[in-house]
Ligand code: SIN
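The chain below stands alone and is given in structure tokens; this is the form predicted on its own.
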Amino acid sequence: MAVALRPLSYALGAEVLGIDLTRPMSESSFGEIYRAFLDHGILLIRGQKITREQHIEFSRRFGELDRHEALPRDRHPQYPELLMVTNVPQADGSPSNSRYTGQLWHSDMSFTLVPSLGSLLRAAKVPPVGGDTMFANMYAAYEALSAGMQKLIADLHGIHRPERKNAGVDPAWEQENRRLNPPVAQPVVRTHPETGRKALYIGEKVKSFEGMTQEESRPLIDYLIRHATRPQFLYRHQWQPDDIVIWDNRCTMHVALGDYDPAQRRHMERTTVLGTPCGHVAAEAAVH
């Protein structure tokens, strides 16, 4: 059976229609979904009332799953493959450390040596208004740069840090996060290992380029982020309960918008598919 798709925006994304993830899926049907994933960068599957086990099982078809050793306090205690992105308070009543997760433009796990191939985020609870996620097409952003700019950034490495828009986050979490995740230098231009296309690989967790000071780096970083997030490269997703959104971290970046009443619950659960090794631990002199 051919998989039916509906475009989500001009820039990127497609909704997969007529799919029920509670039922077995043939290899040929999954092959069509994976092809659409590579072609569109983002896939949306609505109305999926699945269990955590089914979420994990479907995600494994995309590849080996990250057990989130880099973020041990944010993963589910019984399901390490599931990262909790939630503003639901912790058991002791203290605020969730992941309530600000994603509120910077980024690509998942870019601050590690095996950045993510893809992410599958399931909406368990969403606020009635707001809490959207925006995505940027980094192929299109790269291809729209002038030849001169493409040449200028061809060999640059951005230093990615495990930062979070995190006012008020537990200091112990901060200390552990820094210990587990030293800054990693990633190429600013990555070639997608499956499509062969070049994409920008930048975001707001990048504060400097390797071999340059923050002051020297800042104008170009700011320009590249502004450029990549121009409206013509974007898709804005308005979440509904039981949505699953799947995105390719190698050619997109995204940001979670904090535009909702924090008294309203927003609880999401994410699996993360491991990608190919990329980047290197940044030289100490380049970090400061």
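These figures come from a predicted structure and were not determined experimentally. Position 1 is the first residue in the sequence shown; the rest follow in order.
Only in words, not in the display: the form predicted together with succinic acid (SIN), which the text now covers.
Colleague: Exactly one of Ala70, Ile33, Ala256, Ile50 has a non-hydrogen atom within 4.5 Å of succinic acid (SIN) in the model of the complex; which residue is it?
Modeller: It is Ala256 that has a heavy atom within 4.5 Å of the partner.
Colleague: Between Leu117, Ile159, Ala199, Leu121, only one gets a heavy atom within 4.5 angstroms of succinic acid (SIN) in the model of the complex; which residue is that?
Modeller: Residue within 4.5 Å of the partner: Leu121.
Colleague: Only one of 246 to 254, 38 to 46, 23 to 31, 226 to 234 gets a heavy atom within 4.5 Å of succinic acid (SIN) in the model of the complex; which is it?
Modeller: Among the listed stretches, the partner-contacting one is 246 to 254.
Colleague: Check whether His106 has any heavy atom within 4.5 Å of a heavy atom of succinic acid (SIN) in the model of the complex, and answer yes or no.
Modeller: Answer yes; at least one heavy atom of His106 falls within 4.5 Å of succinic acid (SIN) in the model of the complex.
Colleague: So in the model of the complex, is succinic acid (SIN) close enough to Val85 to count as touching (4.5 Å, heavy atoms)?
Modeller: Although succinic acid (SIN) is absent here, Val85 would touch it in the model of the complex, with heavy atoms inside 4.5 Å.
Colleague: Do Ser96 and succinic acid (SIN) come within 4.5 Å of each other in the model of the complex, heavy atoms counted?
Modeller: The answer is no: Ser96 has no heavy atom within 4.5 Å of succinic acid (SIN).
Colleague: Taking succinic acid (SIN) as it sits in the model of the complex, is Thr133 near enough to touch it, meaning that at least one heavy atom pair lies within 4.5 angstroms?
Modeller: Yes.
Colleague: With succinic acid (SIN) taken in the model of the complex, which residues across 251 to 275 come within 4.5 angstroms through any non-hydrogen atom?
Modeller: Residues within 4.5 Å: His254, Ala256, Arg266, Met268, Arg270.
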